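Next up is one chain by itself, shown in structure tokens, the form predicted on its own.
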């Protein structure tokens, strides 16, 4: 028993060291993230469309990232195609963008080959005011000949460009899920949308074509809501690919705080990575604290603060000795179980994945509560922080169960 107590105490000490460090151990964090990415790569969404068709606006709406973050985040993967990881440290989703489409002298063959090999979902992005985007059709025909069963989500963007000068508001409620939508929207816009659908009607293949009219604008454009049709786009994405992205990228229902909304996908990303690492015997004992420290430092940055040794001492102190004991017991117990031949390697892996991911999720949610109170200069209630941790633990377990159900693996 004394040996076990010493083991748990050492483990908790390692967590405190990791959280208290002025910076994250980048080598351990990178190793953990790469290991998770190799075992569970992020799903890839291929955005196919002409320049200025609204692809960046779709990425912004789905991820909550700013246009500047997206512009800085895309990196080249071929001469004319780019890729964007979100969140960048622990990607939940990757976006592929073919940037040269429609340009003179552009041969899309290299981009098509790359995107076909990697993508899990194809979203064709076309402006509603572009009735015959021939360059898009030419590429799409080739793709569907090779993948006739692929579903395609068509995002018809910039709807307001089909409004008359007198119309300054979107049609509400969103009418396009109704079979009678044509009678509810401006006549000119209806003609544009129908002409576009007719243009793509003869595509080869039998995979479904899902049409989603959307209009993602800036607040100063004067149209409300600024993410018009976003719920319909999420529904089409889930129908086409069942990737579970909405659960990962959108925060808890009812959360309106911008900081919490921005933090949520980062918490999910680190938690899923922790779940993947936690499914492995022994090695997770070294890498899990690095992941959790990386998450807390990242959250502090989102809340425009720094995570210091003092922050760590206060945060862990408010969570209390019960948290520290439970953390050590869970981490040690599941790692020892995974060393049992056959049974332990299976049951222990599932237990380890669920526990590692859930604890990381709970720490992230508790840290948001802590950082929010610090940002506002308010006193921090230990009871409120512990409740946030307990609620996060329940949510984290649900997240990891859904992940295991979707992938059929421990994480």
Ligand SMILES: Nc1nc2c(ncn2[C@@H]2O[C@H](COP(=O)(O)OP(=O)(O)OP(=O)(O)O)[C@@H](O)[C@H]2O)c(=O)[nH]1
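Positions refer to the first chain, counted from 1. For clarity, every value in this text was computed on a predicted model and none was experimentally measured.
Here the subject shifts to the form predicted in complex with the named molecule, a form of this protein not shown in this document.
- Of the candidate stretches 174 to 182, 217 to 225, 257 to 265, 294 to 302, only 217 to 225 contains residues with a heavy atom within 4.5 Å of the named molecule in the model of the complex.
- Interface membership of residue 53, defined by any non-hydrogen atom within 4.5 Å of the named molecule in the model of the complex, is confirmed.
- Put simply, residue 57 is close to the named molecule in the model of the complex: some heavy atom of it is within 4.5 Å.
- Mapping the unseen interface onto this chain, residue 241 falls outside it, with no heavy atom inside 4.5 Å of the named molecule in the model of the complex.
- Proximity of residue 306 to the named molecule in the model of the complex: non-hydrogen atoms within 4.5 Å are absent; the residue sits far from the partner.
- 73 is the sole member of 102, 73, 207, 108 with a non-hydrogen atom lying within 4.5 angstroms of the named molecule in the model of the complex.
- Only one of 77, 137, 190, 112 lies close to the named molecule in the model of the complex, with a heavy atom inside 4.5 Å, and it is 77.
- Along 117 to 135, a single residue, 127, places a heavy atom within 4.5 Å of the named molecule in the model of the complex.
- Annotation: residue 136/residue 75 CA-CA distance shorter in the model of the complex than in the displayed model, change of at least 3 Å.
- Between the C-alpha atoms of residue 90 and residue 77, a gap widened by no less than 3 Å is obtained in the model of the complex, as opposed to the form on display.
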